[in-house]
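Each of the two blocks below gives one form of the same protein chain as structure tokens; they are labelled structure 1 and structure 2.
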Structure 1
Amino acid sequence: MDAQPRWLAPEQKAAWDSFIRMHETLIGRLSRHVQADAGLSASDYVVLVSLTERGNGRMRFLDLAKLVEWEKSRMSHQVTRMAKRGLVAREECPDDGRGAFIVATPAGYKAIEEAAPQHVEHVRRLFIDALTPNQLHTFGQLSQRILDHMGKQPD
């Protein structure tokens, strides 16, 4: 029925493999660092950064989920776990009886303020410093281009 599958050309496959391996290695290292340095998982870090940087420490549940592009159920579980460890708390929303605010606790602030500078150093050391400014710019542009392309593709 189908035509022969069109496998990737060697050059295409090489690019794809490098990309995939690079990402895995990079993210693997970064998340081990943030775990070791600050006792935070990568997810904890993302939540706390979003909450404190963009939401001033307090954000509606779904806004937070949308900001980081997570499913609401993932966020809900994550918040439950973080609340248990005292990093964030839930608060009721007066305007909307269904709603909830997520707020960063003082312990949450403390954790992220300790973790962030170290994390940035690692990002710099492992990723930013690997490329010249021009190369980094190109890399970012190409990433964005792929992102835009996917936005136009179905599904």
Structure 2
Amino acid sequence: MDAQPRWLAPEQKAAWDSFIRMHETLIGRLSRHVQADAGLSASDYVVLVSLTERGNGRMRFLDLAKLVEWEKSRMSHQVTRMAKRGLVAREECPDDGRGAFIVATPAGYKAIEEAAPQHVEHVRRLFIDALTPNQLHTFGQLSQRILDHMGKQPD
């Protein structure tokens, strides 16, 4: 017998709808700003930030895809586009013939260094400045709680 759907109560639906609208609006605006300010797509920015802040400029392809929560095919297409523009390069992995490293090039470093200050200013203006320090702390805690919860759930 099929289980009945657990529909959202009105206050749950309102919270979910507000979160989705906020997320989509914020990401849309930030994406448009990074494109206009730096000529980078939001995906370019995510990859370059991941490589330069978390990967010391170099990450295994699959680790990078996992970090940004993308499918392998999406990451492959993104890296191909970025490599054509000279922002990243693929390097073979000497330990694993099937693996590859994605490496930020000097042009990639230059692009992220030029884009980041403007991007952070937009993040501050659109998100950080809307909250008090206490609200921001609570928002951070709630976001981490949801991330931790999702980490325990199957995909």
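Between two forms, the rigid core is defined as the largest C-alpha subset superposing within 1.5 Å. The first residue in the sequence of structure 1 is number 1, and each one after it adds one. From a predicted model like this one, the values you see are computed outputs, not experimental measurements.
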Which block is the form predicted alone? Structure 2
How far the smaller rigid part rotates between structure 1 and structure 2, stated in whole degrees, is 10
When only the core is superposed, S18 shows a C-alpha shift between structure 1 and structure 2 in angstrom of 3.0
Shift in angstrom of the I146 C-alpha between structure 1 and structure 2, rigid core held fixed, comes out at 4.1
